[in-house]
Each structure stands twice: as structure tokens, then as C-alpha cells.
Ligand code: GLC
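Next up is one chain by itself, shown in C-alpha cells, the form predicted alone.
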Amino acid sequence: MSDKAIQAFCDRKFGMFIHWGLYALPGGRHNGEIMNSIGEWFQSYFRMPNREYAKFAAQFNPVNFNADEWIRKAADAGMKYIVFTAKHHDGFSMYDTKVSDYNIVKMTPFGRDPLRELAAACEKYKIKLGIYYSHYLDWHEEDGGDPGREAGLNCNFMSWGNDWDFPDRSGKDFSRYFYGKVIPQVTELLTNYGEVCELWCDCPMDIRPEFSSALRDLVKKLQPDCMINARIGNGCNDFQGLGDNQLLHSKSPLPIESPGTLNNTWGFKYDDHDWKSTEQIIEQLVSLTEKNANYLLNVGPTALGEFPPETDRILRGIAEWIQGKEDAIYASQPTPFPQELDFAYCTRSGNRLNFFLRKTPPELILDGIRGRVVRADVEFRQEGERLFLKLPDLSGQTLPLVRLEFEGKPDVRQELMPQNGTLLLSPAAAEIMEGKEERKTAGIEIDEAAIVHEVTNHAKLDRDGTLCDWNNVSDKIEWEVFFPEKGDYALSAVTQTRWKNQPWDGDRSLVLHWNGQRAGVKELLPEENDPSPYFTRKLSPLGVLHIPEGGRGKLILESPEIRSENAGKINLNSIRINRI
């Protein structure tokens, strides 16, 4: 993969995911029942035989589909690429394929190729075209991938493979499906629709390395600069991917993408009205941008080929907000600060720092600013490495933008220190010290009977930058921290569940050490919820740290007691340090 292709991927920042297929017709409803899962999994949810599901094709006639309108809305909202579902797990092709008659041109009264029309509109609006292709799961094909029930169930109740039509896995020949359908269809997609910036695979499950490698080889042969996502499987990807609706909590050193929904579903559902606010979507975009990640935001068009009204409302809101801020988002560099700021998201564009303000106090104080500021959107003064910003009344605005222009490339001290009185310590900025599998730590007696699970692994970073699998009571987390001035600082832990609807359990201790001082709690008792639309996130006080004079040292975090299995599954998001 060329450096140019990787840089182009990183520069795009914002894209539109489009989940559209036969599943849009029932829209999550069947025989008076409303499905309570994601709409594109309709066939698996209702275990609908192929012969019955295929009948939707005869009714699928999206007469209001207008590719120009879809792509214009994406462009207005500042999106630089789309990823369209050419074939989802139901196996129905949403383009004119010669490989299988099971497609939108052959089997529906619509009879048109929406992918061809979208590709033309993308060229018109200078939007890059990406394609989603389900390379492992295909419920229409007897030889389609099926890891079996031993692999678990999607959302705990839906079969991954089609075990209702094809219950006998012993006769499956995945290679027959792969080389008979996947390879020739991906060849069509990368040959007949112009430049494709991204191939988005999904659910690799137990796909063997030989198949992932063969697909990668084909892609690079046909379009060398086409980026491949991590769900191709077996490390054959060009960029990393976060989980569905997963956000980052620290800068990513590698190109990465976060796919997210506007409500709870990907494919259209009549009864999913849990729409996120425009402000939430904007904040997620900027938060990901400052951490070197792309945001792939999904829309689920209706069976008539229209965006739901709520989708249009959110896209219009993004379009209004982003005007005049484009250069602070696209082709920008991630924040130069070594930690996340609690008062702003930050990006860099050339000699400029762009602050999208999360808080708007009358004054902000930044430390460790070594470069000289020559111009700013607000009144400022600079004293050595300390910068004072006087803010006007910006209340009522969504992430107002303040730009600082430097004499040269912005130079920020790469040391963890409070900024404007607050320091957010991410596990990604720490050193994880693996301890021995002991039951005693720092002289604290541990009740053996209270530990109800076996300690078999060590704490590590999850892909979103949080700390996960902290089950070993002798592991330690260490940060090198600099306090530029004395004072008392309140300590809190921000913890979160690893997935949506996971029960939160704070039945563990956390202890912080700093230069002979010790603060901590025997149990995490949250003072407040830390707002998150996806995970249960809590802020729990840990105590107060007294800094008698400015200086640096190691801040060491331990968890000497973990008293339940669920407590061991709680992720550490950050340690929050606020000057009192």
C-alpha cells in the first residue's frame, strides 16, 4: 500500500455508510412482530427461508431513488467518501452482477443499477466511492460461511450463518462459494465502477487465512490504492477498524475508522426512533478527527429510496455547522497535545491549532506552548510557555472554533500536565506493568474468598484506547506526570462497560500513588454518569492529591481487589485530575 493512498485515506476524515437492500422493505416488521435488533439482519432474526425472503424482490421498487440527491446531501454535510452495500449477508446484490441472478436489476421491478448511478454522482460531486461486500457470510448460498453455534450468536440470539435453510454444515464447501461468487463479484466491482477508494468487508468469523489473502491479492491486482478494512480477517487489511459505534479515547498511531449509526440500526427500520442529536454526531466527528480517525456515518434509506426525515434533519444540521470550519477538519493533523483536553478538541492545520471548544469559560490557560503565537481569533497574551486566551460569550454554539496561528509549526511540550487546571490521563499514555499472579499488593490483605474468578491474564489496551481485561491484581499502570504549580487536585476514575447493555459493576478497589502519597477507594461508587450514547460510563471520586510544589514524578495506579467477574470486565477510560 502506497504512502499516498494511506495519506488520502487519513485526509478524508468523514464518510457516509449506506446500508440499503431488500431488508428495507419490511423495515423490521413481520407478521405483526417488530424486531428488536438491527434491520439488515431481518432474515436471520426471523429465520426466514430464502424462497420466502426472495419474494421481497418482486415488491422492491424504490421509485424515489435519486443518486444525485443522496450524494449532494453527503457533500453538503462535508463527507468526502461513501461506502455502499453492494452485497450484505442476505446475499442479494444491489448492483448489476453477471455472477448471480439474485440481484436488483434481474429480480426487481426497479431494474436499475444504483451503484452505477451513485458512482456517476460521486464523480460529479468529487466524492470518493467505497464498496461494502460481505465476503464470508451469505445466507443465500448453501456454501456461504457459517462458524456454527459454537461461535455464539449475534446479539445473543441470531445465527451467523444460514442454519435454517442449510442446517448440515458437514457438506459445506466454502471454497466453492468463495471462488464461485466472491472472487468474480469483487472483480466486477473493482473493474466496472471506476476508482474504488475502500473495500469494506464484514464478519470474517473463522475465515481461513488463504481466503483473506486471496481476496487481498485480487484487490491489489485490480486497484492497488484501494484501502481494505480490518474485517477482511487474518491481518490482510490496510487500516484498523473500531467496533460498531465505538469511539477513541486517545490518538491512534495507525489509520483507523469508526463506523457509526444515526439511531440504533444500520438498515432501515420503521420503529427505531432513537435518533442521536446533530450535536452528538458533530462532537463524535471532531473527537475522532483530533485522534487521527475517520468517521463513517451510516444512513439507512427506505424501500422507496429516500432518506428518513430525521436523517435529512441531522445532515442539514451538520452542513450548517461545518461551513467555514472545513480546513480545521479535512486534511488536518491530530492534536499535538499528549493527552485529551477536557475543554476542547484540537486539530492542527499547517501553522495553526484549531480548538473546538467543549467549554467556554471567560479565560483558558494553556501550558507547555513553546511556539510563538502571532494571531488568534480571540484576545490572547503569551508569557513564556503559558498562553492566556480571553473568550467572548460563545454560549449556545455547538463546539465553537477558535484558531491560533503560530510563527512556525506549533510546538507543544510532550509532557503530561494539567491544562487549564485539568489533566485527563489515558491508559494509552501509560506504561502497563505486568505483575506476578499474586493475591497481595502494596501491603493490603486480600480476602481470598472474595475473589470469585481465576486470574489468568493481564491488563491491556482495548482498540479504543481504554484499558481492558484488568483481572490481575498485581498489574500496575504508570504515568510520568508534570505539575507546573502547587495545589490540591481531586482525583476521579472514568470507567465504562465494554459493550452496550453490559451491567456496570464497580466492585473493585483503585489506589493511586504519587511521591509517597496514597489515595483510593475500596469500591467504585460513581458520583455521576459521564454522558455516552453507547456504553455505561461512570465518574467515581478517588480522593485528593496535594502537590506542595511544582514537579514531575510517576503516578501509579493499582487495583488490589477485584471482587466479581463483571468488575473485571469494566474498562478504565481515564483518570481525571482537577485542580481544586
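A residue's number is simply how far along the shown sequence it sits, counting from 1. Since this is a predicted model, take the numbers as computed values, not measurements.
The following text describes the form predicted in complex with the named molecule, which does not appear among the structures shown.
A heavy atom within 4.5 Å of the named molecule in the model of the complex is found for one listed residue only; from 89, 269, 508, 249, this is 89. None of 283, 469, 202, 165 but one reaches within 4.5 angstroms of the named molecule in the model of the complex through a heavy atom, and that residue is 202.
Partner contacts here mean any heavy atom within 4.5 Å of the named molecule in the model of the complex, and among 81-89, 489-497, 98-106, 207-215 they occur only in 81-89. No residue in the set 337, 363 and 422 has a non-hydrogen atom no more than 4.5 Å from the named molecule in the model of the complex. Among heavy atoms of residue 17, some come within 4.5 Å of the named molecule in the model of the complex. When the named molecule is considered in the model of the complex, residue 132 lines it closely, a heavy atom lying within 4.5 Å. With a 4.5 Å cutoff on heavy atoms, residue 512 does not count as touching the named molecule in the model of the complex; it lies far away. Contact annotation: residue 535 falls outside 4.5 Å of the named molecule in the model of the complex, judged by heavy atom distances. Contacts between stretch 19-40 and the named molecule, counted in the model of the complex as any heavy atom lying within 4.5 Å, involve 19, 38, 40, listed in sequence order.
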